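Taken one at a time, structure 1 and structure 2 that follow are two forms of one protein chain, written as structure tokens.
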Structure 1
């Protein structure tokens, strides 16, 4: 089953064929919006791993050190010789099912304010029902001695404030919803 990679609004189909122990033939096709192949490349890769996180790859005589972080929900962050790539990867069957179920990737730009870093909520400037403009300071989170201010992404009414002063939040936590 081939895999579909979604990377920076582009889709790629990756087909694997095991040819020997640790040896794969790989085809990478870049797809257009309809799923047609725009271009393709094939590689023969020699790949070994000890821990299923760190991989040593030899391809066309070049040595690559690759680290894979499985972020869950089919999101991956991968380092190749120190270069960073973030993308979504799932097998083609699942990808199709998801598209049928969720009708593609329509996602409305939301008034959800989330934190990309873990930390402690030090101040909250708004409460539910407050009217805010774009860039109105909402709250501050402190981590590793640095305080970061979160501002409103759009103007509207504060629908919910999910945190209070003193809360410790994880990366990705929802802080405030603006409608």
Structure 2
């Protein structure tokens, strides 16, 4: 399964394919803002797990000691031979679902939160004037007997709440605007 890595405001698609015991083919694609491949490199990597967070890696004849710290919410810190890297990592499916639920990069910038599916509003957690941080729960919509929670795509002040509990909304409906 491919993963999307965000590092220093750049996105990469990383795919791992097992070749033999401890041996992997790692394909790294740099992506543009639309998800298209800009550049691509493939490496054969020998990875030995020392313990849950520590690895010994050989790539292109060079040896690396790698320590991984899971910081939660898809954020990781990695130390490679002591050099520090921080990045966000999520599987490609989850990344696409987050973009659908949050409305994509354009809507994140505009602060608009829209639904990609029709449903019924079951909870509203914010009101106009509330200060929210990125990922703050805003509201919940029930669709096909599943509850879908919509979260703030960015930090800011809630400018408008366009729905209330009990409203039935169509796909594409504007739910909340954050400034």
Partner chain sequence: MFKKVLIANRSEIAVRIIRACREMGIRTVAIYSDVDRDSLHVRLADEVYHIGPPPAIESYLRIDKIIDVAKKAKVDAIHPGYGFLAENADFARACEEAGIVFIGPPKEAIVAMGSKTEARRVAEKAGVPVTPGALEPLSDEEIFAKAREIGYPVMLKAVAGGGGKGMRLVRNEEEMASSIRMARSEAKSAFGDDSLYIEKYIENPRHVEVQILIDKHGNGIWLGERECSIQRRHQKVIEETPSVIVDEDLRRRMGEAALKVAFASGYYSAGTVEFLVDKNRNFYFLEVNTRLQVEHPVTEMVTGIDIVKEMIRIAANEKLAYKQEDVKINGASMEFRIYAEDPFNNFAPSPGKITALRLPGGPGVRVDLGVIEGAYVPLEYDPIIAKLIVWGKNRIEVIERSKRALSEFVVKGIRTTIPFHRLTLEHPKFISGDIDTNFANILLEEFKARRPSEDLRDMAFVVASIFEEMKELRMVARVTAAYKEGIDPWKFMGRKLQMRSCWF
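The structure presented is a predicted model; accordingly, all values stated were derived computationally and were not measured. Numbering follows the first chain given and starts at 1. Definition used throughout: the rigid core is the maximal C-alpha set that superposes within 1.5 Å between two forms.
Looking at both structures, it is structure 2 that matches the form predicted on its own. For residue 11, the Cα coordinates differ by under 2 angstroms between structures 1 and 2 after the core has been superposed. Once both forms are fitted on their core, a CA shift of 2 Å or more is seen for residue 160 between structures 1 and 2.
With the core superposed, residue 171 shows a C-alpha displacement of at least 2 Å between structures 1 and 2. Core superposition places the Cα of residue 126 25.5 Å apart between structures 1 and 2.
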